[in-house]
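Given next are two forms of a protein chain, the same chain in both, each as structure tokens and marked structure 1 or structure 2.
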Structure 1
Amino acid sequence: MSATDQSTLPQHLQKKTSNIQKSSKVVQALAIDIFLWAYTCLVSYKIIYQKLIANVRHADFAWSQPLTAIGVGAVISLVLFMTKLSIGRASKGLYDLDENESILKQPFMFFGYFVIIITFIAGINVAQVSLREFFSEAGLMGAKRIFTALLQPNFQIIEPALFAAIETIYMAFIATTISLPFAFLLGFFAARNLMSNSPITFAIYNLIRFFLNVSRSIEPLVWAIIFSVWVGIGPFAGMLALCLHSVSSLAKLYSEQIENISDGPIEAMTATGAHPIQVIWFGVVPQIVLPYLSFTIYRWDINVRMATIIGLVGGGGIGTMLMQYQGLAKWNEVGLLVIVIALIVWIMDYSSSKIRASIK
């Protein structure tokens, strides 16, 4: 008897864990449904009803509104949870789809379409899209003035424009080269396969991953603003912003490359009795140099574009120049700068893709 008891125990446990998994899926599905219905209620009330139908000019906002929406959403989703309208259950795989129907024609998709449509209507409203202004006489006149000026670029300023362009390209190049060694080193520490052997290295890995992710998710433009407060407006602030963002993006790409290498050469080098540094040099580096080179050139290309944008907030180079002329409404000069920027971007794009293709 005890033997049969023992043999049923593992199955019992298995069932339990799968039950836990299943109930966590149900909770997630319900959360998705409640969110979608609360969103639908809120948007329908605030924008479709108040703005478009009742035409309330200054609709007042109160926190009770979203809270009510959540309450109503919860009721609706609970009522509809077991029906085929539940997107949550469908997306968590908790319900058997009709195999013969395409997914686009499933009932829950129609609720999905409805959500997309009200979002679109709300979006148009929030972004204040107004065709009347777009085609107004004053508007069209302004556009005509700018376009004619842009089409007659002022070649008088070609010399300072080219110098500013060179400043931008150099800024991008220096930012790329300075970030290179840092990204190279960090790449190894952010590679899971090299770092997951001991708890200490794995903790370092997680810490570095965290910092890389945070610094990468902040746009270089924002970094440029932060640094321009820190070190003053100018190319240096722009370069720091580019460096920071390049280090974190390159380190991420590098580490992913290291994670993808094959273990074979590493094993073979270890087996010859090589020193760990030799193992990395002969077992890892030959597998990553070309992808690294390719990423780095691509990064320089990206940095040139970003340096132009960063110039707009005072990071120096051709972006700053563009900003100044735009502020003075000197559209002929702006026209020339636009042409120069387009040329740089096109040349960088073309040559970087050519170089990368040739080192494949």
Structure 2
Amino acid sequence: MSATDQSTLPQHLQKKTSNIQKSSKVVQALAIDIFLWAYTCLVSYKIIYQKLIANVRHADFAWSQPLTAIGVGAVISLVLFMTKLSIGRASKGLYDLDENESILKQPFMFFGYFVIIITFIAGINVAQVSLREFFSEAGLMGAKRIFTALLQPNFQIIEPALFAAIETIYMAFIATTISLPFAFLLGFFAARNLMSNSPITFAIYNLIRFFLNVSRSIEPLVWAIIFSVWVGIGPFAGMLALCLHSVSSLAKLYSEQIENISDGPIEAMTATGAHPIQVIWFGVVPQIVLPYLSFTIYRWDINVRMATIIGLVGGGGIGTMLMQYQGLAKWNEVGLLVIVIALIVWIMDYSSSKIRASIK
């Protein structure tokens, strides 16, 4: 509820609404503190103590450990909630901070620094970062052998490499082209400012947003594997994977552009009694044409780069050739393919940047 809506309510209802909002902030702040303290306890025990101090090589995991961490985190949060060590209260604006003091020197920030530090330590441990292995003699010799072969490309496969590169570019182009009408239409239904006028349209908005988020969260590499089983290995599977991911990504970009348009023309046309379709066509579309073109060209550029990757799982194009030669350890051939891929990416990046600059 906005401040304008609250001002029209009776005084007792305003006070009740204010208390509800404050209580909600307190609950959210406490939840944030419990999560951070539970996370700190769990990471400190599993990584700092077991891995680094006790040097336990393969630490056992039990669900009682995170549950215990949540319990300990809840106790610590309740004890420190009313102090200035509560990040939750600070993030929800429940502190009266002195404007003259830097927020970086507040007590709750020191706890935040500690969380960041142990997260960094845990990340290094989980990722198994090892400078010893990186600079080992065997590893350096293997890297030298591979890079020597890569820098001596085998130009005898230049013809099939060029044909595969052309296949990759066309695959990305068709995927982008087919995705455009679907993304264009879904962009309007996924725009909150156009779909929040009634419960039905708002339900449609949430449903489409859910579909876009799910399909976009799955990488094209995974979609390529799925479609390779569905339609067989080849460029068609790669095109379908890129197309599906392009629809969700472009629809999200389009909808966000619609949400940022000026409301003046829409309000003026609505006041004259224009049909909703007329409002969209004459009030919304003229404001989004140039950004849409820019997003579309940039998406084609992205699809060309992705097409080389999804070929690794049978999506066709030059990526499939790269996978085959890499699997056979033919690094001279791989070196040529890397050069071709680099040229494709450079040309597409240069061309798309020039086109996008010309339409602004």
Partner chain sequence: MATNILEVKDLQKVYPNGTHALRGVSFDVTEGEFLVVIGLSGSGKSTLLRCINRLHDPSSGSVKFNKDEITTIKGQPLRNVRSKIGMIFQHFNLIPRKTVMTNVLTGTLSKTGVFKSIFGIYSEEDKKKAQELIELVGLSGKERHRADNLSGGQQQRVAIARALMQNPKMLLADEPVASLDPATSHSVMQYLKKVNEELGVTILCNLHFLSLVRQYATRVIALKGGELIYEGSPKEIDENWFKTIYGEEAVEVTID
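By rigid core we mean the largest C-alpha set that fits within 1.5 Å across both forms. No experiment lies behind these values; they were computed from the predicted model shown. Numbering runs along the sequence of structure 1, starting at 1.
### Query
Of structures 1 and 2, which one represents the form predicted in complex with its partner chain?
Note: form predicted in complex with its partner chain is structure 1; the other is not.
### Core-superposed comparison between structure 1 and structure 2, His275 Cα displacement 2 Å or beyond
Comparing the forms between structure 1 and structure 2, which are aligned on their rigid core, His275 does shift its C-alpha by 2 Å or more.
### Query
Does Glu133 move its CA by 2 angstroms or more between structure 1 and structure 2 when the core is aligned?
Superposed on the core, Glu133 moves its C-alpha less than 2 Å between structure 1 and structure 2.
### Task
With both forms fitted on the core, give yes or no for whether the Cα of Pro286 moves by 2 angstroms or more between structure 1 and structure 2.
Result for Pro286: yes, a 2 Å-plus shift.
### Query
How many Å does the Cα of Ile200 travel between structure 1 and structure 2 when the structures are matched on their rigid core?
Looking at the C-alpha of Ile200 between structure 1 and structure 2, the offset is 4.8 Å.
### Query
Supposing the core is put in the same place in both forms, how far has the CA of Leu253 shifted between structure 1 and structure 2, in Å?
The shift comes out to 3.0 Å.
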